[in-house]
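Alright, here's a single protein chain in two forms, structure 1 and structure 2, each given by itself as structure tokens.
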Structure 1
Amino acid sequence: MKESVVAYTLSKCVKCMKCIRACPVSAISMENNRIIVNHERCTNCGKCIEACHNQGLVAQGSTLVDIANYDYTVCLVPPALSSVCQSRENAEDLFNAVKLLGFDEVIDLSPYYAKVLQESMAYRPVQKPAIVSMCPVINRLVKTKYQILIDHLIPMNYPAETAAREIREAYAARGNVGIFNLCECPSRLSHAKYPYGNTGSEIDHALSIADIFPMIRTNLGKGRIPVTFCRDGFAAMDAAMLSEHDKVLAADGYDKVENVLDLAEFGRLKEFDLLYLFPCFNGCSGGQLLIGNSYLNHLNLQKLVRESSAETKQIDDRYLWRDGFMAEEDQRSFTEKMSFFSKVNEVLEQLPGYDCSACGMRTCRIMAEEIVNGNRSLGDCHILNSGTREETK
């Protein structure tokens, strides 16, 4: 069973079902008065966490105590965290503050993001348009829902993963090296903690920026570590800047992204070379675990682009590329699929069709599937039970 970082606390949950309704892939349900996350379906988009106002669901990262277990520790800082800074000086102060948490070294990921952008631009796909592989949510979404487009994904590692692989080899002589990654969103946190796909992750611990930032803040103003940001690394996170490139379609925001994927499935976007998609509004600088306002972060990003260097870093191909993506195949025969579908439709006819989630399922269809699977019965439908449907008819 795959796991995800979406963690549930029963005592904080008021059973409002907001998370169930918020999940775009119907991965959440309520069973025996508890929220259950179906990790096979979950894309770690974080919509449920956003919807919960009671801390019932949170993104759970590692803690800093793990630093003590290693001979040498490095902390990977994503460009999204730098985007909370208004200038390069502020960012250098921030890097120092991160190091003071107890790390031996702090590494800026902007060159790795830049590399994803440059390699994606040069990529010649079998199927146009290619889909940039930089966000774990997009990869999961394509693998589970938009399976038609699997061959379109560029088989590249995430920037933090590429960096971790490179560091692991380069620092082999330093003993037991601990690689920590500050994460701006639940999906990156999840990739590092529970990597899905064919290979594991070289990242040892994923830290939630939201958890760690209060500690970082107390270290601000105590010095600076010089950082040479890589310009393309910031440009690679911003839909507006990316759209300036010819033949690139960049979109941010979950609905827009689904719209674009839908059109791509119809074969309608062949005139584009690349799809650069961010499920978060304002791209990675709108990451859910970041502090600050995503609009302001986004402005900072543009400022940082001007203060960064155009130089790029050499990164070996063996860290950068990964095996292709595999679809999660449905093993049932056509007859089995159709008979299940027909049974579900029969049950669906009897349900009210309000998609009210009161039963603990996101939609009546999901409920019907559960009934056919024998996990629920028609009697679990609150509307049918209360007779409301008859009255409204």
Structure 2
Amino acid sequence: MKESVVAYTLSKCVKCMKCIRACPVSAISMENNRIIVNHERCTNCGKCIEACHNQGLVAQGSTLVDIANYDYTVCLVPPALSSVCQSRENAEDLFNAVKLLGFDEVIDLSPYYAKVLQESMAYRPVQKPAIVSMCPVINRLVKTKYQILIDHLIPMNYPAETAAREIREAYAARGNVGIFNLCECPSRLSHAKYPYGNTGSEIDHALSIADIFPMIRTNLGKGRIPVTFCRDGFAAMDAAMLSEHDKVLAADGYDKVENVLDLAEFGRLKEFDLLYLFPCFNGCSGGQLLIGNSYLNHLNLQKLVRESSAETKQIDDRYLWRDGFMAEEDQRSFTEKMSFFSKVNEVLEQLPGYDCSACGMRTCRIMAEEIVNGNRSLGDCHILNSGTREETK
């Protein structure tokens, strides 16, 4: 996936460059007073959006207007949204409020999350530890920054995609079926046909929970839909609950995740069978597009777990597992890659190494890569230019 869900709003940007410094993979730069998002690097983690206090960067999904384009509509509700509810009654009220937005059916995803957890626990990788994440950010991060760990990733579809594939086949006789996924974080917005063009997905539309929650709120208190939550489904998106499993290392928060991947890359976590990673603090209940706060959401989950079923849903492997997982996009030969690496190092030695971001790049190394690619020149370095101007005085 190359497409970034991050959108730039020029009119609200104040050129503070906080987003450039916040991006952990150096996917953001500034050129001609305009923010540029490198789709090859972007992992859709949303760090830039968090750093921007002027809404110069946003992530928006589809709209409810798209419901009218289908004969039958299904809305997928992630366990993270249920975490804003303090009781089962509140959650059933919430599900009804979502259905009243115009959907024909609302489906809870906790059984699909539970199935991914069950299969992950049983998975035996060639190399330990196996890595699983419900979040596209982690898989994208491994692919772009920790390529040596790609073989450690468990090749499963995300729970919402698994559900969509099962629904698509089961509801084939209902005409033009539209599948909508409620998203608790920016990265999930990318896994749908609209608005970001992920044609390989069976999900038609991704909806930002933050965008539509005001409309959901107006429907609260108008009835309830019975929902059978799956206990392990809640555990699968909460780092604290997963930590109770032996031989499982559950890490939440981007910095902690990178630390875990750094250690795994050098083979220092082989004592663990499974790494369960969440870029959001407190797991999926800390998603950027949720309301409330992750501490209360975690407390709510614990209450919901006590009222949930321990039964795990049976899902056909055709929907759960995927082929061509993490296919290589970089078609350069090893020799070509080494040549590029050498050229970058040569340019890097000529740059000051301050990582000041004055050039619009997060680091001097990213600047060196852009120079080698022909997109920038040494003359774009403000520090080097400053020295040249001093010499000519």
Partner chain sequence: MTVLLHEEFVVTRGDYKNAGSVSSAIKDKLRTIGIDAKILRRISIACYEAEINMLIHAWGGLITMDVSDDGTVRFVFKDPGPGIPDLDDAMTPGFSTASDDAREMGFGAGMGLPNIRKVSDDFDIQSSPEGTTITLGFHL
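Take the two forms, superpose them, and find the largest set of C-alpha atoms that agree within 1.5 Å; that set is the rigid core. Each residue is numbered by where it sits in the sequence of structure 1, with counting from 1. A quick note: this is a predicted structure, and the numbers were derived from the prediction, not measured.
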query: Structure number, where the criterion is the form predicted on its own; finding: 2
query: Exceeds or equals 2 Å, Cα of residue 381 between the two structures, core fit; finding: yes
query: Residue 338 C-alpha relocation of at least 2 Å between the two structures, rigid core basis; finding: yes
query: CA of residue 25, rigid core aligned, shift of 2 Å or more between the two structures; finding: no
query: Residue 369 CA shift between the two structures in angstrom, with the core used for superposition; finding: 3.2
